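In structure tokens, the next block holds one chain alone, the form predicted alone.
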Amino acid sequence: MNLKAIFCLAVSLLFVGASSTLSLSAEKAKAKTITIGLSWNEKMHAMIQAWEDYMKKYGEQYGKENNVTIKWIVNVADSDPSQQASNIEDLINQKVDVIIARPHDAAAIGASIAAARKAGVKFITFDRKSSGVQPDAHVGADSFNQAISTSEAFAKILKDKGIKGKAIELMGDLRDMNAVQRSKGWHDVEKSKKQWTTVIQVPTEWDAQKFMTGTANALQAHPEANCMFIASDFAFSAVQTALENAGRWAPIGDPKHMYIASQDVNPQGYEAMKAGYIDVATTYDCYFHAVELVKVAAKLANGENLKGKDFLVAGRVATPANVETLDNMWARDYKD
């Protein structure tokens, strides 16, 4: 190799080294910390802990893949909208990059969204939507289509068995837009399929005691009822107690069986479905909610304008035949 060739090779290697150094420096420059303030309205149910654990777990994975460190600041409002507003104010004062809130009151959360916007803090509503001022993005389940998929599957079950349903509807808390959407989905399918008639609607406000007393009172008022739509099975043991007391607690195949469509497949619902007491439900997929949430939070923290878009995760129809084989079933790992 002549001197000219050696000189050219040396210069080439020098540029390659410099380029690599610049590339590494650029990668280091991209590394950043995203501070997320997470405001829970309450933490009474295992599902909320599952959500939080999945968020942090996927946050670590996302961070490694994207050279980002995600820091979490978490607070809980104990079912008090005023306390949640105060908690969110604290997060704003701590200058977090993004606030994620599961609203306790769909109307009241609007004031907190407005306060965050004024302070330049991005805001995501999670699981429950705001009915007033809208956030930068919303992440949650597609509650309307969750009810649609459950109700359509339920209509087929009743039709295949030649049953015309007389249904008790256990509604959720109507301050929660998920409860409103689930009720709407149930009644839309009722009108289109004409496979049942809802004989009574029972408000529960997501209170386990009201699930029990509401079921008992509805059965007493409508002994002809042969099926139920339950807005969430997180308190299914309360429904079980009422059915047992009324002599209507029986598995699929028993003449006394109360046909039941529910939502979520929480731990109590999971066990009841495995045992053949719940006929069908659509899952509330906590892991996939958490994955979507972290991705959306990162986009907002990086300056992307999401224009208040909804990022909704579809659930999966579960029955006693498939509930034990569905992947990422949080109810298998988290118990009430």
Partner chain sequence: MKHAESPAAKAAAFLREYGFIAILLAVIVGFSVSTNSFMSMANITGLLHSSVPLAIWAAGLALVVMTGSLDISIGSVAFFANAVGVILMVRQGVSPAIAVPATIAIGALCGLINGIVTVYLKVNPLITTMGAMFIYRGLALQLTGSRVISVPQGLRAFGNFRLGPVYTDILIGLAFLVVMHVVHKKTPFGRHVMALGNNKETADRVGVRVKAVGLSCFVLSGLCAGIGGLFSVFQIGAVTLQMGTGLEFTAIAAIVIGGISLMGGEGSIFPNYVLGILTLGIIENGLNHLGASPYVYPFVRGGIILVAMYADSLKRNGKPRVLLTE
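Quick caveat: nothing in here was measured; it's all calculated off a predicted structure. Numbering follows the first chain given and starts at 1.
What follows is about the form predicted in complex with its partner chain, which we do not show.
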Quiz item: Pick from 212, 155, 108, 92: which has a non-hydrogen atom within 4.5 Å of its partner chain in the predicted complex?
Solution: 212
Quiz item: Which residue among 73, 250, 119, 174 has a heavy atom within 4.5 angstroms of its partner chain in the predicted complex?
Solution: 174
Quiz item: Mind checking whether each of 125, 147 and 326 has a heavy atom within 4.5 Å of its partner chain in the predicted complex?
Solution: no
Quiz prompt | Touches its partner chain in the predicted complex: residue 203 (any heavy atom, 4.5 Å) | solution = yes
Quiz item: Is residue 188 a contact residue for its partner chain in the predicted complex, using a 4.5 Å heavy atom cut-off?
Solution: no
Self-check item: 4.5 Å heavy atom contact, residue 237 to its partner chain in the predicted complex
Solution: yes
Quiz item: Using heavy atoms and a 4.5 Å limit, would one call residue 275 a contact residue for its partner chain in the predicted complex?
Solution: no
Exercise. Spot the stretch among 189 to 197, 134 to 142, 220 to 228, 256 to 264 with residues whose non-hydrogen atoms come within 4.5 Å of its partner chain in the predicted complex.
Key: 220 to 228
Quiz item: Can you tell me which residues in 43 to 72 come within 4.5 angstroms of its partner chain in the predicted complex, by heavy atoms?
Solution: 43, 44, 45, 46
